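Presented below, as structure tokens, is a lone chain in the form predicted alone.
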């Protein structure tokens, strides 16, 4: 195998491949990228961790077709240090690969191509899938507004991903870690799903990385076990979590007795100041609602006390409740409107955060005892 390829284009492909590759697993070959040079003048870069797989096709001057697999971390590190221009890549005996650029030469140890696993394919065989075009910015927005509340507890598999629902006209994503929940819905002329699918956390982040590199539309295709995302010359497959997402609608309060309107930026900045003084493990902040005024208090026995007041539009009965300041901050971070609405039932009930005159988004934060 031998080909010449543009350094910047090669680097971009390797940058995505190295985020997908499994560099800490028990199968050494999963830390590699598979390079396949084709006679049609293209090089296909492939990487996988067995849950998420990526293939990207890059144009190149192919002198000798062939394939090899080599550690993506060090290959990326080498290509990143090279000057712009062409890089010559040549396969050597015993699965070694040689890179030449200018007066620089590198030799890296590879592994047999036969060790590299077969990747999911949406376009081959009897189960050829149809791609549905969806706006890339809309899909990216759905992920951006829900990914932060996905559980990182590997023992809670049903919470380790985001629920994606689509009726062909609207798309909805929901995530929760048991302490807070976020839900976002927008117009999405996408694939019509009979039931929701759960996209795992890492797969969701990889989809967003792909979306960051494209504009316009991307293709979505649904297999029995995988979601395929096609953008330009890239195809990303994500193995879906085959579990049941909790009945999230039961978590969202159906009614409320009190609500307050206030400036999003004012509340966000006040919570960030309060978090500095809050207990490190719980980040507890006390919210006290009074007519026309919101008081935020964080009390840390090891540091001191922070007390702040904000003007709000509120004329209900006095209410005092405790919440994790970090959870409230992360919800407010993804809201774009100038005003937000806080809904409450009682002191031991969740707080619902919504944008005022904004998109169909809400965040539910469970209370903490104070």
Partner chain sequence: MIFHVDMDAFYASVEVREDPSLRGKPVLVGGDGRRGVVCAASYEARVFGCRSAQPMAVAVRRCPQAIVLRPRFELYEEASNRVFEVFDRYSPLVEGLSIDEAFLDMSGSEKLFGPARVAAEALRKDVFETTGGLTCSVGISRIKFISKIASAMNKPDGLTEVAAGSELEFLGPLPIGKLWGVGPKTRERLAEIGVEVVGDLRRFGKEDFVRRFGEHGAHLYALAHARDPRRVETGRERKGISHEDTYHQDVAGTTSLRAKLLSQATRVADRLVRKDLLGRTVKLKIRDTDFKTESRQCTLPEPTNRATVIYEAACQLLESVDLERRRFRLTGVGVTQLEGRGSGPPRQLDLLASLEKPKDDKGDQLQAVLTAVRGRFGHEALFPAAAGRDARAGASGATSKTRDDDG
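Residue numbers count along the first chain shown, from 1. Bear in mind the structure is a predicted one, so any value in this text is a computation, not a measurement.
Although it is not shown, the form predicted together with its partner chain is what the next lines describe.
Inset, instruction - Would you point out which of 321-329, 337-345, 304-312, 43-51 contains residues with a non-hydrogen atom within 4.5 Å of its partner chain in the predicted complex? - result: Contact-bearing stretch, as computed: 321-329.
Legend entry - 4.5 Å heavy atom contact with its partner chain in the predicted complex for all of 8, 137 and 218: Answer is no for this spot.
Legend entry - 4.5 Å heavy atom contact, residue 289 and its partner chain in the predicted complex: Looking in the predicted complex, residue contacts with its partner chain do not include residue 289, since no heavy atom lies within 4.5 Å.
Legend entry - Any non-hydrogen atom of residue 159 within 4.5 angstroms of its partner chain in the predicted complex: Heavy-atom contact with its partner chain at 4.5 Å: present for residue 159.
Inset, instruction - May I ask you to check whether residue 179 falls inside a 4.5 Å heavy atom distance of its partner chain in the predicted complex? - result: Residue 179 belongs to the contact set for its partner chain.
Inset, instruction - Determine whether any heavy atom of residue 1 comes within 4.5 Å of a heavy atom of its partner chain in the predicted complex, and answer yes or no. - result: No, residue 1 sits far enough from its partner chain in the predicted complex that none of its heavy atoms falls within 4.5 Å.
Inset, instruction - Using heavy atoms only and a 4.5 Å cut-off, determine which of 240, 251, 111, 234 is in contact with its partner chain in the predicted complex. - result: That would be 251.
Legend entry - Of 84, 282, 81, 225, the one that lies within 4.5 Å of its partner chain in the predicted complex (heavy atoms): When its partner chain is considered in the predicted complex, the option within 4.5 Å is 282.
Inset, instruction - Sequence order please: the residues of 353-370 with a heavy atom within 4.5 Å of its partner chain in the predicted complex. - result: Result: 364, 366, 367, 368, 369, 370.
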